[in-house]
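Given next, in structure tokens, is a single chain: the form predicted alone.
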Amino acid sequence: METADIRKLLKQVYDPELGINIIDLGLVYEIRNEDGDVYIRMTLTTPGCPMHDTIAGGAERLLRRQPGIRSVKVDVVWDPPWSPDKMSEEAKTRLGF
């Protein structure tokens, strides 16, 4: 599976508080797929986000169900910190930025 396909799949994972997917929020910094071992480096909108398990775990569970993916590691990082300028134009419009 190509990283573009993984990115497309991750658009199914939403921040439940904002109602916008993690790709359009700009939360995903890196996607790698090495022979079915997938690595995702991502952040959340704020440290201590109460939706941490829902969002990061949701990404992991979604990808683990895909054919051709053997393992998934989701790393939540805080550097660089997330800011609204990382959002897609569509997400900015929806949130009033």
Partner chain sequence: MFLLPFLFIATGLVSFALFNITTLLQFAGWITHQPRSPAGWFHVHLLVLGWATMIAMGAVYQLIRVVLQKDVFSRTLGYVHYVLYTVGTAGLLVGFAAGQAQWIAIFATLAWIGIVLFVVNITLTLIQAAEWNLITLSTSCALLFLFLTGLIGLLMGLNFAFQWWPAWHERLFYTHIWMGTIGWFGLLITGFSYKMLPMFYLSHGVSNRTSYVVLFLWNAAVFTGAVAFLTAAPIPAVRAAVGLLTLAVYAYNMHITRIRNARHKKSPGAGVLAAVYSARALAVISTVALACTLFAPERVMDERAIVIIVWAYLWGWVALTILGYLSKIVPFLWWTHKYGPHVGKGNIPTMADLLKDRCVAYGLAAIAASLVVQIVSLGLNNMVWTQWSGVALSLFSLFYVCMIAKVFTR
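All values reported here derive from a predicted model rather than from experimental measurement. Positions refer to the first chain, counted from 1.
Absent from the display: the form predicted together with the partner chain. The rest refers to it.
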Q.
Please tell me whether any heavy atom belonging to residue 95 falls inside 4.5 Å of a heavy atom of the partner chain, as the geometry stands in the predicted bound form.
A. yes
Q) Does the partner chain come within 4.5 Å of any heavy atom of residue 51 in the predicted bound form? A) yes
Q: Could you confirm whether residue 33 comes within 4.5 Å of the partner chain in the predicted bound form, counting heavy atoms only?
A: no
Q.
If we define contact as a non-hydrogen atom of the residue within 4.5 angstroms of the partner, is residue 69 a contact of the partner chain in the predicted bound form?
A. no
(Q) Need the contact residues for 65-81: heavy atom within 4.5 Å of the partner chain in the predicted bound form, sequence order, or none if there are none. (A) 65
